[in-house]
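Only one chain is given next, in C-alpha cells, and it is the form predicted on its own.
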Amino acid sequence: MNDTTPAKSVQKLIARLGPGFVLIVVILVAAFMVPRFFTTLNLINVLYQSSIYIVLAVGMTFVITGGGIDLSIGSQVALISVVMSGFIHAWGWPVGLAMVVAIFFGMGLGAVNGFVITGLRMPDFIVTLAAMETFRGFALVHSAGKIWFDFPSSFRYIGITRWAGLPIPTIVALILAAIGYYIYHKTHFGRYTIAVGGNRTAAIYCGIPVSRYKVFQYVLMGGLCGLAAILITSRLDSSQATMAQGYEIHTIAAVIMGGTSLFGGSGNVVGSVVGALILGIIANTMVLLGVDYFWRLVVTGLLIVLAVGLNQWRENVMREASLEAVKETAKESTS
C-alpha cells in the first residue's frame, strides 16, 4: 500500500522544482517589498548585475561536478584584469588582442591549478586557497596599487552598450550558459566530468583519463575568469588589484543553490544560472531597500548556509523518492 502523504507529495514537488521554486518565491517577495521591482529598467539591471556571476557559475558547475572547487576565481579575475589593463594602457596593445590574450592567460592560470592538484595529488581546496592569495599578490605587485581607468571607447562599448534592449554582458552570459548546457549534457567532456566527480575510482577503471579531465575543468574555469575580467572591467571602466573580492563565495553559493552537489557527481548548468539570478535579485532588493552594505554581507553568508542546507534536503527527498519507486516496482513484479 502506498503510504505517500500530501506533505510528502508537496516535498517531492518542491524538490523537483528545485531552484526554480526558490526563484519564484524570491521574485514574489522582492515584488512585495519593492513595488518598482518589476519595472523594465530594474529587471534589465538585475540581469546586468548577474551576468558576471552567470559566466563564473557555468565554469564552477563543471569544477564542482568533477569533485573539485576553485577558491581562486576572484583573484584570477583581478590578476587578469590588471594584466590586460597594462597591455592596453602601458603597452598600447589593440583592444581585441588584449582581450584574446586575457582569456588565454586565464586558461593558463586555471591550468596551473589543475596541474598542481593532479601532479602533486593535493586537495583542490588547499591548492586553490593558496592560489587565491598568490594570484591576488601578483595582481598587487603588477599594478603597484595603481588604478587603471579611461579605457578606449571600443573596450567600454562591451560593458555599456545594449543590443535588442539587453546589455552585451547579459547576452554573452546567456549564450555562454546555453553552450555550457550543451557541453555538460551532450559531450564526452560533460559526461566524463560527472563520472569523475561521482566515482573517481570507477572512472579510472573505465579508462577515463581522470587527471586530464580534471585539468580541463580548471582550464575552462580560468578561461571564463578571463571573460569575466573583460566584462567587469569594460563595465566599470576601471581596473585594480583589489577588485572581484568575494566572487568565489557568491559563485559557489549560486552553483550549490542551483542544485549542483557540493560532493561532486551531479550538476545543473541551468540551475546555476537560476542561482546567480536569485543572488542578483536579493542583492538588488537590498540595494533598493537601502540595506547597509555590512548587513548585505551578513545576508550573503546566511544564504550560503541556507543554499547548502536546501540542496542537501533536496537530495535526501529525491533519494527517498527513488527508493520508494524501486520498492513499488519490486512489489509489482512479485505480485
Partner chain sequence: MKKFIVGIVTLAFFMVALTAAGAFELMDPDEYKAQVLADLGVSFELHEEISQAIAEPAQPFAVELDEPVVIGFATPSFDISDAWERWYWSIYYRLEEAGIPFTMNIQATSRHDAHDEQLAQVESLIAAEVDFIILGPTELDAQRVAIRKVHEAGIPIMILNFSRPFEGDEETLLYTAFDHEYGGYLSGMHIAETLGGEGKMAGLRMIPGTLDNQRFGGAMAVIEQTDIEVVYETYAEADRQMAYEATIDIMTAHPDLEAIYATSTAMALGAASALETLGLIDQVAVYGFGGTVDEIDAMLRGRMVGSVFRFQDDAGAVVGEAIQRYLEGRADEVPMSFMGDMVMADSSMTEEQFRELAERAHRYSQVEMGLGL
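Residue numbers count along the first chain shown, from 1. Model, not experiment: these values are computed from the prediction.
Note that the form predicted together with its partner chain isn't included here; everything after this is about it.
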**Item:** Interface residue in the predicted complex among Phe149, Phe189, Phe115, Trp93, criterion: non-hydrogen atom within 4.5 angstroms of its partner chain
**Value:** Phe149
**Request:** Counting non-hydrogen atoms within 4.5 angstroms of its partner chain in the predicted complex, say which of Asn199, Ser238, Thr134, Ser211 makes the cut.
**Result:** Ser238
**Asked** If contact means any heavy atom within 4.5 Å, which of 35 to 43, 264 to 272, 298 to 306, 59 to 67 contacts its partner chain in the predicted complex?
**Response** 35 to 43
**Request:** Check whether Ile175 has any heavy atom within 4.5 Å of a heavy atom of its partner chain in the predicted complex, and answer yes or no.
**Result:** no
**Prompt:** Hey, in the predicted complex, is Ile278 touching its partner chain, heavy atoms inside 4.5 Å?
**Reply:** no
**Asked** Are any of the heavy atoms in Arg156 no more than 4.5 Å from a heavy atom of its partner chain in the predicted complex?
**Response** yes
**Prompt:** With a 4.5 Å heavy atom cut-off, would you call Leu120 a contact of its partner chain in the predicted complex?
**Reply:** no
**Item:** in the predicted complex: members of 273 to 288 within 4.5 Å of its partner chain, any heavy atom
**Value:** Asn284, Met286, Val287, Leu288
